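The chain that follows stands alone, in the form predicted on its own, written as structure tokens.
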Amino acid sequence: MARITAGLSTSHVPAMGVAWDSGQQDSQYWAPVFAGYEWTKKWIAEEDPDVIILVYNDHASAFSLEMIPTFAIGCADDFPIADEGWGPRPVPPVVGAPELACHLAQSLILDEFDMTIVNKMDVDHGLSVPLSMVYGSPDSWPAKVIPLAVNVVQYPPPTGERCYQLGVALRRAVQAFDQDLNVQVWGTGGMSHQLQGARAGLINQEFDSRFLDNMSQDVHALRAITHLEYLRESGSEGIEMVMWLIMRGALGDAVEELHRHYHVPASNTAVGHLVLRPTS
């Protein structure tokens, strides 16, 4: 059967992609950000996953205010890189895993999660930046990718508890697939940041640190965080961290932390990154 062997979380700050694409990895500003992914680059080469279920949020590239699914799963053969206003990023197109994706859609829907099935979709920095941070600049991405888009842009977003339970259902769905596949789940977005309004530039390192700790130590506390608490403590865009809980739910009851990276700031954002291994 297919198996989920690891989980990874990371911020997907668009400026990180711009810095990478323009060769600023060793600049004084960006070097500390990218240094935190060097361990992960070596680790991923050894792990060599077949498929990555990549949880991210679309930034008005594939969806608009005219149609906003709460949860959407990409079932296409491939996913072009979106033009977000300055041309597509110079990275390879994303190759999908449609057979597994369709199995997941069926399993999750029968498990009472109302997934939107997407058969044609461009993917933006929310998905491509994490791939660049972990894989660098390959000619093609080494793993197939199933995009799982979550609405954290238009109120109301799903709760952390609902996201965690989706991860639990995702684990069941993967384990029911009858091919021998090494699957990872990545949760992206966050950490604390606010991009507009009177609190623009807000970063809450204490909240972020506690969130990182509890991904392995007390996930029940994270599941209980309300929308209002995310807004108050981590800024208007901090709600993206609920996507990390999909990854965490997919890993089972207990995990070990293999790697952690946290850096402030990166384009007015706190950058967080974890690698977790299920132990149960």
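Note that the coordinates shown come from a computational prediction; the quantities given were computed from them, not determined experimentally. Note that residue numbering follows the sequence shown and begins at 1.
Although not depicted, the form predicted together with a small molecule is the subject of the following passage.
- The listed set A176, L195, C102, L110 contains one residue whose heavy atoms approach the small molecule in the predicted complex to within 4.5 Å, identified as L195.
- Comment: 187-195 is the region of 67-75, 156-164, 187-195, 93-101 lying near the small molecule in the predicted complex, near meaning a non-hydrogen atom within 4.5 Å.
- Mapping the unseen interface onto this chain, A19 falls outside it, with no heavy atom inside 4.5 Å of the small molecule in the predicted complex.
- Proximity of H125 to the small molecule in the predicted complex: non-hydrogen atoms within 4.5 Å are present.
- The small molecule in the predicted complex is not approached by Q24, whose heavy atoms all lie more than 4.5 angstroms from it.
- Contact check for K41: no non-hydrogen atom falls within 4.5 Å of the small molecule in the predicted complex.
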